[in-house]
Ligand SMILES: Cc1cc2nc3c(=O)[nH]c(=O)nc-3n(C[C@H](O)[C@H](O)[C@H](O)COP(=O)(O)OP(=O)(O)OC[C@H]3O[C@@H](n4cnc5c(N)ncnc54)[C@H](O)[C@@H]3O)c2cc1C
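Only one chain is given next, in structure tokens, and it is the form predicted on its own.
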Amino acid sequence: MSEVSIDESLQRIIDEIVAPQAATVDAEGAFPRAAIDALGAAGILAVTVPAEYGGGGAGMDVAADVVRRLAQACASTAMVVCMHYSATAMLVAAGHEQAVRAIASGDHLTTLAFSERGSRSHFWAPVSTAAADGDEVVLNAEKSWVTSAHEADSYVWSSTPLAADGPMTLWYVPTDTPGLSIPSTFDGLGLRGNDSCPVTAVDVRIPATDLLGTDGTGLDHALAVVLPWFLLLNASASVGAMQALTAATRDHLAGTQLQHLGQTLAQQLPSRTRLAQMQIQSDRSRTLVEDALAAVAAARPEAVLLVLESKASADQGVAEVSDLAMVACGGAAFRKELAVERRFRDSRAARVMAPTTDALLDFVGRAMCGLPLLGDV
């Protein structure tokens, strides 16, 4: 699929499906199935799959643009796609041909299953187990947050190693595998349609050949492959939300009259100042993400630092922009029709989504000081 056709197909899906259904997805906590099916049929879910597997062969920059534009209309849809692309990157890197070809077909949605009840947002320290049993592996876990939990076709799953040293091993786990259960549904403050739920595994058996990479090297793959995709796409989603909030605020200020003054809100200095702050923060975050994407593509030495900075900056930026939008739009921002309050609620998730903003700030400081990202020092 060419970039032109991706752009046209994506915009059509946003205009015809994603944007019109965004309010309902939020109000009902409904998974955006129609949008995901349309994105799959258009080849957009497979856009990052290498061409030799039947995919679009696009890079992280294209994926980031897709997620950013989806987030302008519906943050839940953007998060589902963010997780799908991040998990796809690991399946491609591990050479799991069956899974990758299924994704290339357009009707297979995948996601990450990293965070656990026992270690919370410390995804790098799984406590779930994997045990060898002949040609099979038996998994037991209490995963705490899995986006698209009910709706995905597969999980990229973390566990403690079978036998090797190291903190983590990764697996490909089809969601119809016996022994998997999802004990609850998601009813959250924001991102209400992303179906982020706990998933429990009790004596789940998978083929030993569904190991991704080698035993014990899962954390290496998570940091080198999955994390850059997740951080930059998550940051792109926040940028899209900032852009949507800024545009909605601008339109509200320009279109709302103070009749006793014969002026619009846009003619009031405090309103314009807040709008300018929103635009500056949005542009600052987008520029950092774009520079990080370019650094990753060129393997520049500062790439890791920029990737870490991108989500940390966007986490804080989207919270600040949504706060400014609520103040600038006043009472109108509290009503559903302006969609500012929906985006305000959605924006709150970024800072607590692992790795959290606090963890990322620590990682940035460690990277600057030449320390390992993870450790007791």
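All residue numbers are counted from 1 along the displayed sequence. For clarity, every value in this text was computed on a predicted model and none was experimentally measured.
There is also a form predicted in complex with this ligand; it is not shown, and the following applies to it.
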query: 4.5 Å heavy atom contact, Gln72 and this ligand in the predicted bound form; finding: no
query: Any non-hydrogen atom of Ala354 within 4.5 angstroms of this ligand in the predicted bound form; finding: yes
query: Partner contact for His150 in the predicted bound form: this ligand, 4.5 angstroms, heavy atom; finding: no
query: Exercise: Ala237 in contact with this ligand in the predicted bound form, heavy atom 4.5 Å; finding: no
query: Ala102, Ala89, Val146, Leu265 - the one with a heavy atom within 4.5 Å of this ligand in the predicted bound form; finding: Val146
query: Position in contact with this ligand when the complex is considered in the predicted bound form, options Leu245, Ala292, Met83, Ala141, heavy atoms within 4.5 Å; finding: Met83
query: Among 199-207, 220-228, 108-116, 172-180, the region lying within 4.5 Å of this ligand in the predicted bound form by heavy atom distance; finding: 108-116
